[in-house]
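As structure tokens, one chain now follows by itself in the form predicted on its own.
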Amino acid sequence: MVSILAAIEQAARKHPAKTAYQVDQVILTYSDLWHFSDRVAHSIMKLGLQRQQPIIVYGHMSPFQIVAFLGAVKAGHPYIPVDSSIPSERLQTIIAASDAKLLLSTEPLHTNISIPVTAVEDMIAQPSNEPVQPSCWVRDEEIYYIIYTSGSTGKPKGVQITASNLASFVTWMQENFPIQESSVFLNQAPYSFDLSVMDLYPALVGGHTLHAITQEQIANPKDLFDSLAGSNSTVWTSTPSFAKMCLMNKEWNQDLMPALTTFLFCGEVLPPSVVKEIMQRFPHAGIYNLYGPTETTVAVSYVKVTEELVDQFEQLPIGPLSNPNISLLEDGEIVISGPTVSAGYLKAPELTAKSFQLLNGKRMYKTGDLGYEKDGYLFFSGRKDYQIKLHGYRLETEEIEKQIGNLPPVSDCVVLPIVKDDEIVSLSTYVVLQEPLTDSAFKMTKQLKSALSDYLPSYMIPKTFKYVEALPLNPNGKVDRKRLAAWETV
């Protein structure tokens, strides 16, 4: 099994001047990546932190974030990627939940936080090229990184991925997907989203190039497609939602990106309509539908999507039934075992015990996803709870409800996913106020959205707010979500 850091070191020795990472016009070579991360590691080790104490890395698509990631694990610490787009309240929550004692930043932090903040550039400025001994590196069952996902308790959950988990995932990627000698991986997902791992480590371990695009570029179509055209990307990894956005530009095709040979889709349901359009525009590229929760290291199964598969099924499968690491319980819940199953949630033993089990020495994860079998394939059919995927982000409506319910004007609320053509396209919330509306619903909605932005990222804030005197109840005395969902279709 591959050693992540040893493989990156080998790539740096073999091709020191090769581009490891590019964003906008900024380029980081493999030599710089390796030596700069050594400097970061030495700086961390001088601080005397306890081994395996988590370190937060804050920023957005910066090459210095990658340097900080490797620097942290070289020094024996897992890193927690936090995108600079998240509200300061959520950052504080992650700091408290993780007990992190250090934050490495690649851009200014516009809020006061409770732990020391160090700029990665300051660490890199140290004039030393002394290597860090491999005996210091994170290894085997030690935690390599921690990604915080939405939690039903109203608090994010820290998913712990070990060095062994990550190495197993990268080996699986290398064995199953057509990644050429000199590939360029498109890096679109923020590092706080585990889909980014599908680009980051297979690229670096293989000595390939990462071409990153920022949220600013995505918000500006001309900048985005200029960047895509100049990227020379061979491997495309994204959510289907991002591809759907790109499809709105008729010039997004094989002529614009002639080197593109592989599409890897993960993070949400892949609609056949999107596949058909991509097949027409990129006739020389293979398309893969991947599946896996954050708790099992990005992805554990896949199918190569062919025209025959699209014609055969109304919904695309997420993998073959022959996958030995996936099984279905009697109620249809998908259970995953094998070497990529997480070590559990950080400092949350009860939550870990609820979802993770040990069977014959192997960790198993109960996903909460529902599936079914048909014609030798496994299909995804929804969630057991209220956890959903929206535009590739995994979130739990319960967490959003808790945050809305904490706002002073609110007495009660329910958040519902809005489904169009079997895909979740937005969120809607039904709100019961403490006092009857004295002003317009528009002004109240603006007030609530503004208040929520202090606690939730924008993708978790419902698009529509509807005000009712009371929420309907079912015969068990619980809120009748099915009836509310029916109201949405009226």
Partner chain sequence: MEKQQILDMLVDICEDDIILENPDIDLFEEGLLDSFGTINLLVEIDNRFDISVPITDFDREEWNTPNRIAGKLAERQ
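Numbering follows the first chain given and starts at 1. A quick note: this is a predicted structure, and the numbers were derived from the prediction, not measured.
Quick note: we don't show the form predicted together with the partner chain, though the next part is all about it.
In the predicted complex, the partner chain sits beyond 4.5 Å of every heavy atom of F380. By the criterion of a heavy atom within 4.5 Å, P131 is excluded from the residues contacting the partner chain in the predicted complex. Interface membership of H391, defined by any non-hydrogen atom within 4.5 Å of the partner chain in the predicted complex, is confirmed. Under a 4.5 angstroms non-hydrogen atom cutoff, the partner chain in the predicted complex has P221 among its neighbouring residues. By the 4.5 Å heavy atom rule, the three marked residues M248, F442 and T464 all count as contacting the partner chain in the predicted complex.
Of the candidate stretches 304 to 312, 395 to 403, 239 to 247, 318 to 326, only 239 to 247 has residues with heavy atoms within 4.5 Å of the partner chain in the predicted complex. I418 is the sole member of L370, V275, L102, I418 with a non-hydrogen atom within 4.5 Å of the partner chain in the predicted complex. Of the candidates Y288, F225, W137, W172, F225 is the one whose heavy atoms come within 4.5 Å of the partner chain in the predicted complex; the others do not.
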